[in-house]
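Presented as structure tokens, the chain that follows is alone, the form predicted alone.
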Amino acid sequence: MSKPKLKPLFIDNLKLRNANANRWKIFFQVSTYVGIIFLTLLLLNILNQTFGYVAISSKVDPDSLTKEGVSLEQLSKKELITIIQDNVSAGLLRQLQREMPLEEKSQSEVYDIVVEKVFESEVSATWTLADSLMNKVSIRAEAAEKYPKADLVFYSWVKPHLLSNPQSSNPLNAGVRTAIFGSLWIVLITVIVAFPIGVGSAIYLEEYASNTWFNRIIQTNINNLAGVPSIIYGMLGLAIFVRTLEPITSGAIFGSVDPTTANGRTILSAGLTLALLVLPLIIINAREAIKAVPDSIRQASYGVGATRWQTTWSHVIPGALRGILTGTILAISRAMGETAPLVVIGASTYIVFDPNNIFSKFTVLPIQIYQWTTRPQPEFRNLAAGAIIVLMLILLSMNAIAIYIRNKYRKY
């Protein structure tokens, strides 16, 4: 039996629809490629500032402290300690010994102290990675002419001491240790507060709340709060946590600080403020994940006599958990990169001591990066680029851990 011939009108319409589909396919491909290009340019710009030639000069000539023909790197730890004892003040030596006796430090740590405290090295000039790779000869000639006493080295601003050192006025010695601890403390408080409240609210709105005008108003306001600028949450945190609840957020009511000098601009206030910021996002994402669980699962559970709570706990939450954790990951990543609300509630821009409890003063990585980019010395912008890489690595690590936990639950 022969197949019926397609009508010409239908064929023409099919060609038109296929052409239209191809145009949309090309549009989606171009959009993806444009996004990849912009992300690549951003990463290249960061790397361009993170590596490159640096002219480093020292107030003390390293050759004057060593024997002829012997470099500083060839000296033993005992000889390096002798150089420190002979060339730093008694007060500075006592401070170094209080932190950790020099004899207990490693060779590299003692060497770093010699470079930092004895030589007092400083940056004379910096060049980007692109210039360092393409204009080596001209850079060396410029350094020899303008900075004859400086050492020209290919420098990476991402070094171990960037993680282990606190802030410093010398970019060669500055680090982000204090900012990392502050960020982790705040994220921990944010998760502890926002996650249970957000997931609990989503469960109530999806599984228990009836379709009344009051509940619809609540849902609408939650959706609107997700779009409120973050600085508004900073003003809310300033009014509630920093000022109204100052005896609690400063720790004065618990005897942690002197009430006369108590200040609510602490890690606790910052964590609670960011918890308010991400709470609508967690609720919305958790609701969508719960809504995606097929209703047939609920009906089957009810059919064998399970209560609403048993159904929710044993079937709905396990089915929605991957989506809930995904939304939480995105929300916490946003909190990790926030700056405006923390500036409003009084985050420090220069702090050299590590936070040791929730009532400590603090700074965070985004604020540290912003503070470095506003300084006039170009080497601090290179340092900021290195701190950006550290922030990205921390975010990727936290997301990887969260994704691992999410996929682990997928097995059950």
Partner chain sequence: MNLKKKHRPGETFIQAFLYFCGIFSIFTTIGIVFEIGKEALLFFGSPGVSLWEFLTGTTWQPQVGEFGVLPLVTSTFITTFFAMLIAIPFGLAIAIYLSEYATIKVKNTIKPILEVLAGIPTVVYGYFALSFMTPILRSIFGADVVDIYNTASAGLVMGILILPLITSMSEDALSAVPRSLREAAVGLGATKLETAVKVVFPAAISGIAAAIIVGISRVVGETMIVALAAGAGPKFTFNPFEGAETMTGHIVRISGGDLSYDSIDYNSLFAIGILLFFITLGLNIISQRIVSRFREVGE
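Between two forms, the rigid core is defined as the largest C-alpha subset superposing within 1.5 Å. Since the structure is predicted, the reported quantities are computational estimates derived from the model, not experimental observations. Residue numbers count along the first chain shown, from 1.
This next part talks about the form predicted in complex with the partner chain, which is not shown.
Proximity of Ile218 to the partner chain in the model of the complex: non-hydrogen atoms within 4.5 Å are present. Not displayed here, the partner chain is kept clear of Phe154 by more than 4.5 Å at the level of heavy atoms in the model of the complex. Contact check for Tyr404: no non-hydrogen atom falls within 4.5 Å of the partner chain in the model of the complex. Contact check for Ala400: every heavy atom lies farther than 4.5 Å from the partner chain in the model of the complex. Figure note: of the listed segments 218-226, 102-110, 173-181, 89-97, the one touching the partner chain in the model of the complex, with heavy atoms no more than 4.5 Å away, is 218-226. Only one of Arg243, Lys159, Lys149, Lys291 lies close to the partner chain in the model of the complex, with a heavy atom inside 4.5 Å, and it is Arg243. The partner is not shown here, but in the model of the complex the stretch 304-322 reaches within 4.5 angstroms of the partner chain through a heavy atom at Thr307, Arg308, Trp309, Gln310. When the rigid core is held fixed, the Cα atom of Ile389 travels less than 2 angstroms between the shown form and the other one.
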